[in-house]
Each structure stands twice: as structure tokens, then as C-alpha cells.
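Only one chain comes next, encoded as C-alpha cells, the form predicted on its own.
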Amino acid sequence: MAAKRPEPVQVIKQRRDAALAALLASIPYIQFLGIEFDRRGDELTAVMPYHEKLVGNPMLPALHGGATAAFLEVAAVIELGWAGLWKSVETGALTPDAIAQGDLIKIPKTIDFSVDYLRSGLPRDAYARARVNRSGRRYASVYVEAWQDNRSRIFAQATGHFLMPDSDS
């Protein structure tokens, strides 16, 4: 008996990209801020391209604290959602039709979110990565850090706690 042939890599990549696009489309504020995600396997990097509407203090100029906080929270929520989708995407249980219907996309709800502003965000692109510290059936804890030109010089970091969506609803 012959072993089952693995799926072509381009099929898996298309499924991953479709799942991420559906996840991002489920939060309209992502499009308003212009946030994009760079995916490398299961690792996501959030990118907030600079735009004048993001400046809070034009005298410095510096990114608005609310835009920075929203960017960090979006990175945390998408990381949690992506971690929840990953197994279904990889096994093929998540079909393109199911992704298009959007029924499988469930977004965690924020319980609390604490941001530490370490320095002013400069008028340039910002990047963020989130790390899930704990994720259970009902609760998740996530740490996020944001940087601009140099990954070792973060300008903001955050910790968030989230209520996970019911898996059966």
C-alpha cells in the first residue's frame, strides 16, 4: 500500500494565506489603520506603515498613543486567532469554502490590555510581534512588543488578557 502523497506546497500556502486574509477581514479597524501582516510559516509580524493620520503630536512628530495601543492590541488578537486556526489550516480541515464563509473565524474578546510607552514612536513604519504566554479554553495571556528601525529598541510593549471564543458555538 502506497503512502499518501503530501499536498503541494503551493496548495498549503494558498490555504494559509486565505485563512489569514479571512481573519484580518473580520476586524474592520485593521483596514482603517492600514495594518498588514508578514507571515513566515506560523510566525506573524504586524506592520503598521506610516501615514500622517497616525501622528498624535505634529510638533515632535510622534505616533499617537491610541494608534500605538490599537496596533499592539490588533497584533495580540490576530496572533491568538492565528494560533487557533493553525492546526485546522495545516491538516486541511479548513477548506477554502469554509474560509470564504467566515464561519470558522472567531475573535477573542479583550478583558484588559496594558501598554507601556517606552519612547516616542517616530513618523515611520512600525512592527510588532506577539507571543502567547498562556492559552486555554477560556482565557489567554499575550505579550506584544513594537519597534521601528531596530528590533532591539522597542518603543512600546503590552500585556493583554483575552476571553477565548467558545469552540462549539
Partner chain sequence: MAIDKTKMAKQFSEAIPHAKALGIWLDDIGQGTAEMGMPYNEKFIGDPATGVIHGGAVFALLDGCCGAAVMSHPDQKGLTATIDLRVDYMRPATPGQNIRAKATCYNVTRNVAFVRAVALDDNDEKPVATAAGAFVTGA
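Residue numbers count along the first chain shown, from 1. On a predicted model such as this, the values are computed, not experimentally measured, just so you know.
Just so it is clear, the following notes concern the form predicted together with its partner chain, a form of the same protein that is not shown.
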Margin query: For the interface check, one of 37 to 45, 63 to 71, 124 to 132, 139 to 147 should have non-hydrogen atoms within 4.5 Å of its partner chain in the predicted bound form; which one?
Written below: 63 to 71
Note to self: Given that its partner chain is not shown alongside this chain, does Pro58 nevertheless sit within 4.5 Å of it in the predicted bound form, heavy atom to heavy atom?
What the structure shows: yes
Next item on the list: Check each residue of 34 to 56 against its partner chain in the predicted bound form and list those with a heavy atom within 4.5 Å, in sequence order.
Entry: Glu52, Lys53, Leu54, Val55, Gly56
